[in-house]
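Taking the form predicted alone, here's one chain by itself in structure tokens.
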């Protein structure tokens, strides 16, 4: 009986994903360039945050240096387009692979650490890459790389938006299948108790290392999409502050939820866009707003949404009694 219920719940979840995909595909037909552009950024930032959540929410580790992989995908895309004659499809493949290679190198050290040390060393690794990007001439220094030409088929905002949706949903499907596989179950078991996982005969270090590389690859895809969207890349993409944005998005949306990072990205970017239109002191009000959200919704927006039906039902019973 429980198996049937789980299958029904899984089917309903996939139906909601299909509905969301269809709704998002309709957006360009509304004629609103503003919302098309904003939703493109939300999808890309949500994808980057989802790569962080793969380690944070489902692995129990706090990666504070994922901007390194976001920037790796971004700079690889920009340099491959500007400095080589590779086909565009090849660039789409090579750029996130480069981010995964950087993740494989940094992960040798980072994945051996836990808790506070994991976060600090990942952030330090991120800052090392940030320094290299600023100092090595090929990366353009503090001015970054601008004027990245993209294929004419993606030159319009609507075309880039649809391309982003397709790539993001493909990655989401892959991630969802991964988390519902034995690999994903072990990942969640490591989050709960890595020592017990070791007792089952699983290699915890190897598993954490592979998960780190996969997460780096996904974050590299987000960096690649962001360059195609803005047609430029800057050293700030590799700064630890960008990593903080990804972690903040996860917390806002709901760390232990699959779709939480997307919801968190929407909340953060829409809130930021709205506040900046009202005052030049937007950072102050944005910080206060985020603090209030975290205080009153410690489990994130998705966590509140999950508990809302039971709270409404409880309130209804109290009113009746």
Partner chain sequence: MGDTFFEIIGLEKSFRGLKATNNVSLSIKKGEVCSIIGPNGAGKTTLFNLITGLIKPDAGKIYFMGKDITGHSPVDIVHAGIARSFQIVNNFPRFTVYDNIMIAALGYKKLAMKMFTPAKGIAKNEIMELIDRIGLAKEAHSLAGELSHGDQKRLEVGIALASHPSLLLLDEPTAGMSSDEKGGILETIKRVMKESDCTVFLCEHDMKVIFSVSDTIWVLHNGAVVTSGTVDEIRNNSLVKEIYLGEAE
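A quick note: this is a predicted structure, and the numbers were derived from the prediction, not measured. Residue numbers count along the first chain shown, from 1.
Missing here is the form predicted in complex with the partner chain; even so, the following discussion is about that form.
The three marked residues, 13, 21 and 42, fail to reach the partner chain in the model of the complex, with no heavy atom of any inside 4.5 Å.
Contact with the partner chain in the model of the complex, defined as a heavy atom within 4.5 Å, holds for exactly one of 149, 142, 192, 115, namely 192. The partner is absent here; in the model of the complex, the one residue of 199, 108, 153, 93 having a heavy atom within 4.5 Å of the partner chain is 199. Although the partner is absent here, residue 135 sits far enough away that none of its heavy atoms falls within 4.5 Å of the partner chain in the model of the complex. Put simply, residue 186 is close to the partner chain in the model of the complex: some heavy atom of it is within 4.5 Å.
Taking non-hydrogen atoms only, residue 210 approaches the partner chain to within 4.5 angstroms in the model of the complex. Interface residue remark: residue 177 is counted as part of the site for the partner chain in the model of the complex, having a heavy atom within 4.5 Å. Of the candidate stretches 81-89, 199-207, 216-224, 98-106, only 199-207 has residues whose heavy atoms lie within 4.5 Å of the partner chain in the model of the complex. Although the partner chain is not shown here, in the model of the complex the stretch 239-278 places heavy atoms of just one residue, 256, within 4.5 Å of it.
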